[in-house]
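There is one chain below, alone, in structure tokens, taken in the form predicted alone.
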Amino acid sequence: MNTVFITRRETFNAAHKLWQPEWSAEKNQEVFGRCANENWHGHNFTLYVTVSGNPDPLTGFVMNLKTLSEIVKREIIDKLDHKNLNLDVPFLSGILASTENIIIAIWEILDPIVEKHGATLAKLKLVETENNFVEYFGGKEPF
């Protein structure tokens, strides 16, 4: 078997605020800094979706990237782009909208869909700023 990893990049713009309502404003400011801005703040996010599997003998594809792009856009990007992640996104309801929590929620949506298309969701990478990003392997050890 020849396992191959292939990645699709998608982008979205969204606003959020990091805030724990049971904490004082001072404590929120201390822990979250500018991310606790009462008027929210936004990012130009980049999402990398990596799937793995064996190339199909007829197409040479692990998964058709056009299909993967359509899934990611329909299930994730269309629901996050130009939204307030704290207020407008049902799958993030009740969850602190940290990049770490966002990527776990995205995994939970994409994993079963990718599997139905004959591939394995191997890794997600969510870039929040040029200096900050998270990677998630679905709770498994990376590679």
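One rule holds for the numbers: they count along the sequence shown, beginning at 1. The model shown is predicted, which means the values in this text are computed figures rather than measured ones.
The discussion below concerns the form predicted in complex with a further copy of the same chain, not included here.
Under a 4.5 angstroms non-hydrogen atom cutoff, a further copy of the same chain in the model of the complex has Gly60 among its neighbouring residues. Within 4.5 Å of any heavy atom of a further copy of the same chain in the model of the complex lies no heavy atom of Arg74. a further copy of the same chain is not drawn, but in the model of the complex it has a heavy atom within 4.5 Å of Arg34. When a further copy of the same chain is considered in the model of the complex, Ala14 lines it closely, a heavy atom lying within 4.5 Å.
Shown here without a further copy of the same chain, the chain has Ile77, Asp78, Asp81, His82, Lys83, Asn84, Leu87, Asp88, Leu96, Ser98 in 77 to 98 lying with a heavy atom within 4.5 Å of that partner in the model of the complex.
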